[in-house]
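Before any questions on how it binds or moves, here is one chain, the form predicted alone, in structure tokens.
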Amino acid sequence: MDTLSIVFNLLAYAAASIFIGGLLYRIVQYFNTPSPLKIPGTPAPKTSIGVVFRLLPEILFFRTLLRGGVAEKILWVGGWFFHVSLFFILFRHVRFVTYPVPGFVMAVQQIGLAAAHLFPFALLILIVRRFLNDRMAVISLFQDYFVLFLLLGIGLTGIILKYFLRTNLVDVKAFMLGLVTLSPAPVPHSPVFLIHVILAAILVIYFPFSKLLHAWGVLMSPTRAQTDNPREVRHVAPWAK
């Protein structure tokens, strides 16, 4: 392999290692953070099964945002369509790391393609909202814009690869499949593809240390994940035992 291929293979493995290590570290942090008070948002379920059914609408449909005012509903439109389109885009990419490609993956290829078209518009809603909403403009930090523009860059380079500066898909699959099977293969020498991979690697590395980890945090939020049973069961923080 040439030097460029070696560099990009090492970049992919480094990104994956940092992502897995960082994610495990943050999950351990979440579990070790004490919850000294019983503070579920009422009305709250009294059983663990009830908590699961309470969390599902939040995870799948962002129910709290949907119940809010105009600003929250705008956020819901951008946020929900962003997450759904991202899911189908990632699912569509499974064809590059599997051989043979499962039938259910092939069945969602057109849905994934439609999601790729929707993805940049959902991101633009989230970006414009931060500029036009006075409150959001005040509290927004560099990392908030950084993640949004990073995702936008990944989405746009993907669309460019699909319609304008197409690269050889056989070479792309060989490279991706080589990463998964620990059999490094040459990287396609397409500038747009290389940029696409670099941006994706930056996102993967940054994910565990950013606000993007709310994907896991929502499951650990005491206001939503705790049962409302302070009378039935005494709640004692682990560090207070």
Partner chain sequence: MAGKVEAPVLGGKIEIPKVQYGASKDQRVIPAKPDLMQKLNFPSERPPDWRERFLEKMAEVIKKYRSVRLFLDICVRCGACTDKCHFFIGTGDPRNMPVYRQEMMRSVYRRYFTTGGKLFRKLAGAEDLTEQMLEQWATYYYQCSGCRRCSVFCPYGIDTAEITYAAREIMDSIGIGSKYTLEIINKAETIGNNLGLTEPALRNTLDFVEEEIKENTGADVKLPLNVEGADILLVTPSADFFATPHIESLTGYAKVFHQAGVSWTLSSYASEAANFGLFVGNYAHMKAINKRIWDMARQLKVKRVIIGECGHAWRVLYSFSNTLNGPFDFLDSRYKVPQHICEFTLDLAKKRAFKFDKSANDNFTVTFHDSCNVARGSRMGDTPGDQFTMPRELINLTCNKFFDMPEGTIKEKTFCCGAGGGLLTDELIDLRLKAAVTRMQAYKDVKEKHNVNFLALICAICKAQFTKILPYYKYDMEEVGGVHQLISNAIVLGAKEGV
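Numbering follows the first chain given and starts at 1. Note that this is a predicted model, so its numbers are computed, not measured.
Just so you know, the form predicted in complex with the partner chain exists too; it's not on screen, but the next bit is about it.
K.L.:
With the partner absent here, would 114, 171 and 174 each sit within 4.5 Å of the partner chain in the predicted complex, counting heavy atoms only?
P.N.:
No, the candidate spot makes no contact with the partner chain.
K.L.:
At 4.5 Å between heavy atoms, only one of the stretches 155 to 163, 84 to 92, 132 to 140, 98 to 106 reaches the partner chain in the predicted complex; which one is it?
P.N.:
Of the stretches listed, the one contacting the partner is 132 to 140.
K.L.:
Heavy atoms within 4.5 Å of the partner chain in the predicted complex: does residue 23 have any?
P.N.:
No, no contact at 4.5 Å.
K.L.:
Any of the heavy atoms of residue 181 lying within 4.5 Å of the partner chain in the predicted complex?
P.N.:
Outside the cut-off, so no.
K.L.:
Quick one: is residue 191 in contact with the partner chain in the predicted complex, heavy atoms, 4.5 Å cut-off?
P.N.:
The answer is no: residue 191 has no heavy atom within 4.5 Å of the partner chain.
K.L.:
Answer for residue 65 alone: is it within 4.5 Å of the partner chain in the predicted complex, judged on heavy atom distances?
P.N.:
Within the cut-off, so yes.
K.L.:
Just give me the residues of 73 to 102, first to last, that have a heavy atom within 4.5 Å of the partner chain in the predicted complex.
P.N.:
Sequence-ordered list has one entry, 75.
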